[in-house]
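Only one chain comes next, encoded as structure tokens, the form predicted on its own.
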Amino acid sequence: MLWDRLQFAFTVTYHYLFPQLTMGLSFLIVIMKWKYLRTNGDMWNRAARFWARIFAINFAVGVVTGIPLEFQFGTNWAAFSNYAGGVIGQTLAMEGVFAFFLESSFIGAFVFGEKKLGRRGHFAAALGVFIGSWLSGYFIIATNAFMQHPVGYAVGPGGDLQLSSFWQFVVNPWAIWEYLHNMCASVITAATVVAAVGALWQLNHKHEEEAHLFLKVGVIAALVASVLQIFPTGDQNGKLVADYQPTALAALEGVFASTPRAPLAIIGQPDVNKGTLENPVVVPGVLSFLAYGTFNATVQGLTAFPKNQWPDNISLLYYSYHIMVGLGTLILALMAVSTILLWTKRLYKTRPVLWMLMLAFPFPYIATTAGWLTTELGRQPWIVYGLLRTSAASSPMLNTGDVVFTTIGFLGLYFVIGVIFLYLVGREIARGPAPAEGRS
């Protein structure tokens, strides 16, 4: 059971390093192609072609690393698949049959078909890639949202779940706000990477025209997405957690005893055995307001619930949440300063900020990983919240040794894939925005 969870956690975390960039990058590529159509500026088209090559590399690796996840539903989580497959199978199938094939088809047309498609046709191909990648993201998020807040289901004669309302399942309020929050995060990731490459080139005095464009697009897009990440998407996600997963709210905020006018902990160390938050730095009343819209609301602490309903790893949940929030705040501050410098025409010459932009590219990856840890740890001990416990969801006949062996195999395989990925991306960045010989 433990190794089943570790293997899935490792493979899904590694896999998501790639689609979080491609989803956000598809949006930025559409903006670049649209600007090319509007202005006829070849610089915008060169930028779009460059990032299309980065997109294609990420997409290919994302496909390879995503395939094992689908198999694990059958090999490692057969009990969960038998129980909930009648519901979540709908969105997983739609992601593969519709969104993935739509995205894949248009990627080929976009990367290799510019001369044949023409300007408008090439923009339509970029738009198709964007729609396909964002549809794919929604179907996956809708699947996860059902596990967080199950709706649109009925219990079948055999005790398994069956779909009773497709639209209620697909437009689950949890899915909508989780999706918007996730897509803002993907835009932040892509925009930060775009700005980092621009900063690298600017610091080295290479491809300065494109470097200026990348910095402009990157810092503005990251700033706008960071604001939306906090409000309204982050705010609404927090309210959903407060309403439907109160134990998760208490754990990620380090609230052990029910508290009226609950303070927001900026920092602190949870001691689960003592039931206290050590060395806290708090803002009075803010947690009550953020969770329930009023400073006088009472936030239920963990002690208000039976221990068998507490999240499995409260300390990791608490720190994951605060890492996500802390890094998100740093990214917002950096992009705000960069935008001010851009507006005053000083960004391209302010080397300390360029260095910070270049070195900041890992931050959104870490923040997003911490955010998903927060989401998944907060749902525990349930795999389908309130219906099926994680302890009852694994494959009963699977040998632990097999899971350990395949996990070691994934570690070795993904290390090799990672080295190849870094080499290919590094080669494209060193080559610059000009298309390779023979490419359109």
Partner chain sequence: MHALWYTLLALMLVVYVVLDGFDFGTGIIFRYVAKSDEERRQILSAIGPVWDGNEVWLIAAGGTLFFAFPRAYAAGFSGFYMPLIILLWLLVLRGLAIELRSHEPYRLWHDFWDTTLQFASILTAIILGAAFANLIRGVPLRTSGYFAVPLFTNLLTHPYIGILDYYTIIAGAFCLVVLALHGALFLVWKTDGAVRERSIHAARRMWWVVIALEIITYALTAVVQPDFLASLTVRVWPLILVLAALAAFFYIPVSLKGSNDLVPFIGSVVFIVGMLTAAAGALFPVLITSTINPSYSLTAYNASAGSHGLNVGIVWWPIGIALATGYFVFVYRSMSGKRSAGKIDEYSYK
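Residue numbers count along the first chain shown, from 1. No experiment lies behind these values; they were computed from the predicted model shown.
Missing here is the form predicted together with the partner chain; even so, the following discussion is about that form.
Exercise. Residue 423 near the partner chain in the predicted bound form, any heavy atom under 4.5 Å?
Worked result: Yes.
Exercise. Looking at the partner-bound form in the predicted bound form, is residue 166 within 4.5 Å of the partner chain by any heavy atom?
Worked result: Residue 166: yes, in contact with the partner chain in the predicted bound form.
For this session: Report whether the minimum heavy atom distance between residue 417 and the partner chain in the predicted bound form is within 4.5 Å.
Result: Yes, residue 417 sits close enough to the partner chain in the predicted bound form that at least one of its heavy atoms falls within 4.5 Å.
For this session: Using the partner position in the predicted bound form, report whether residue 68 sits within 4.5 Å of the partner chain, counting heavy atoms only.
Result: Output for residue 68 is yes: heavy atoms within 4.5 Å of the partner chain.
Exercise. Tell me, which of 120, 346, 116, 206 has a heavy atom within 4.5 angstroms of the partner chain in the predicted bound form?
Worked result: The option sitting close enough to the partner is 116.
Exercise. Out of 313, 300, 75, 369, which one falls within 4.5 Å of the partner chain in the predicted bound form, going by heavy atoms?
Worked result: The option sitting close enough to the partner is 75.
For this session: Check, residue by residue, if 19, 323 and 341 all come within 4.5 Å of the partner chain in the predicted bound form, counting heavy atoms only.
Result: Zero of three within 4.5 Å in the predicted bound form.
Problem set entry | Partner-proximal stretch of 25-33, 392-400, 378-386, 40-48 relative to the partner chain in the predicted bound form, 4.5 angstroms, heavy atom | It is the stretch 392-400.
Exercise. Though the partner is not shown here, which residues of 87-111 have a heavy atom within 4.5 Å of the partner chain in the predicted bound form?
Worked result: 88, 89, 90, 92, 93, 94, 96, 97, 98, 100, 101, 102, 104, 105, 106, 107, 108, 109 sit within 4.5 Å of the partner.
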